[in-house]
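Consider the single chain below, provided in C-alpha cells and representing the form predicted on its own.
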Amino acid sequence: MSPDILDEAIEIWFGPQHVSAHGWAAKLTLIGDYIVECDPHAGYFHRSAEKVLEFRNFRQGPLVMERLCMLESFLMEYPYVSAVEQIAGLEVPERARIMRTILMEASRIHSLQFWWGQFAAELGLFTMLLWPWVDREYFLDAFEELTGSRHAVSFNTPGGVKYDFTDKFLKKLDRALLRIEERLPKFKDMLLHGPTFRLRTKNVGLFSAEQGLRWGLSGPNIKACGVPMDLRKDKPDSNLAYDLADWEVPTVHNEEHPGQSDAYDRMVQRFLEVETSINIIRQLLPQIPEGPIIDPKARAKANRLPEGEAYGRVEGTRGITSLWLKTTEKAQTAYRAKIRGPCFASYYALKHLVPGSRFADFIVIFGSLDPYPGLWDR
C-alpha cells in the first residue's frame, strides 16, 4: 500500500459507547468508507468470573456461569455442573436428564428470538425488533413459573435439577412453543424475503469453512458453512437426553459460494436451529418418566469433592461453551476454573473477516456472528 494512500487513512473507534457495541470496542482503520484494518479490543466488560468461581462452593458455581450469558442461562450452567458431576461421580436420574435437555433447547429458542430482534434493529428493521421480543416473553413466563426467575434461573445443579415440572409450567411452555411455531413463517417472510434485509446481508461477511475452523468458530457460524459440527450429535452427553430424540444437525449450503457463508446464511441457519429445538422438545415432552429429579447423594458428594479435574462442555446457542475444573482433596471450592466461550473466537475473527468491507457493513458482519460480551470478557 503506497504512502500516499496511507496518508488518507483514518482511525475510528467503534464502541464501547456505541448503542450497537454491547460493551465491546474495535479500532477500525478506514480509507474512504472501506475498512482496511480491524483491531478488536476486549476488556470493557470484564467481571473475573473464573476467579470468582474459586470463592464459590460447587452449588453456587452455576449461578456465576449463567451470568456470563443470561440469554441462555439453562445452557450456560451445564459445563460447570457437568465437570462437578464427573469429579464427584454423580448419577443423574432419567427424569432430570430429560428435563435438562428440554429447558436447554427452550433457552436456545429464547436466545435466538432475542438475537433476531437485536440484529434486525441494528439494520433499521424496527418491526422485527418488537415482534420476536414480544414472543420471547412467553418463554420467560414459563421460566419464571418453573424457577421464580426470568433470566437467572439457577435450575441445573450437580446430580440433577432443582425444580420439578408442574402442570402450570407445562401449559406455559406449550403456549410458548405454539406461539413460535405460528410466528416462525412470518419472521422468515419478513427477513429472508425482505429486499432490504437481503440487500444488506447477501455476500456480506463471507468466509469459508476452512477459515472458520482455523479461527476456532463453532455453533451456527460454522454450521452455516455446511459443516455439521454439533456436540449434541458428535459427543452426546450421557447426562442429557439428545439420544432419545430423532433429529439431524441443521446446516446451510450457499449455492453461489459453496463451502462459505455470508450474513444471510447465518440468519437462515438460526431459523433452522429454532426448528430443530422445537422438534427435540416436542419429542422429549411425552417421554418424561416419573421419578426423582436429583441424585440422593448429590448434596453429600458435591459438598466436598475429591482431588481431580474434569472438562465439561455444551453445544450452546453461539457455539461450544466449555469449562475445565480442577479441585484439591476435600475441596469446597474450585482450585482453578478455566472457561472457553465461543464468542471469544468469533470476536477476534473480525480481525480477519472485516478488512475489505464497507464501513456500513461492519455492524452487519459483527451482528451476524451473534456475539455476547460476557462470553469473551470473563
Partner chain sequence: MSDGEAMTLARELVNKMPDIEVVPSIDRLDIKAAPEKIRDVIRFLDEYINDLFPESCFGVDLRNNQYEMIYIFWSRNKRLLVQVRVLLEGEPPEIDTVSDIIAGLEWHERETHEMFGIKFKGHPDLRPLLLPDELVGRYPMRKSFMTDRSRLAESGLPQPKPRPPKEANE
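Residue numbers count along the first chain shown, from 1. Owing to the predicted nature of the structure, the values given are computational and were not obtained by experimental measurement.
One more form of this protein, predicted together with its partner chain, exists but is not displayed; see below.
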**Study point:** Stretch in contact in the model of the complex with its partner chain, which is absent here, among 211-219, 193-201, 138-146, 273-281 (heavy atoms within 4.5 Å)
**Key:** 211-219
Review point. Quick one: does R59 come within 4.5 Å of its partner chain in the model of the complex, counting heavy atoms only?
Key: no
Review point. Any chance I31 has a heavy atom within 4.5 Å of its partner chain in the model of the complex?
Key: no
Check your understanding: Do K51 and its partner chain share at least one heavy atom pair within 4.5 Å in the model of the complex?
Key -> yes
Exercise for review: Examine T327 and determine whether its closest non-hydrogen atom to its partner chain in the model of the complex is within 4.5 angstroms.
Suggested key: no
Revision key, fill the gap. Interface check vs its partner chain in the model of the complex: of I35, L353, I320, C69, the one with a heavy atom inside 4.5 Å is I320
Review point. Heavy atom within 4.5 Å of its partner chain in the model of the complex: which of D234, E307, D189, E182?
Key: D234
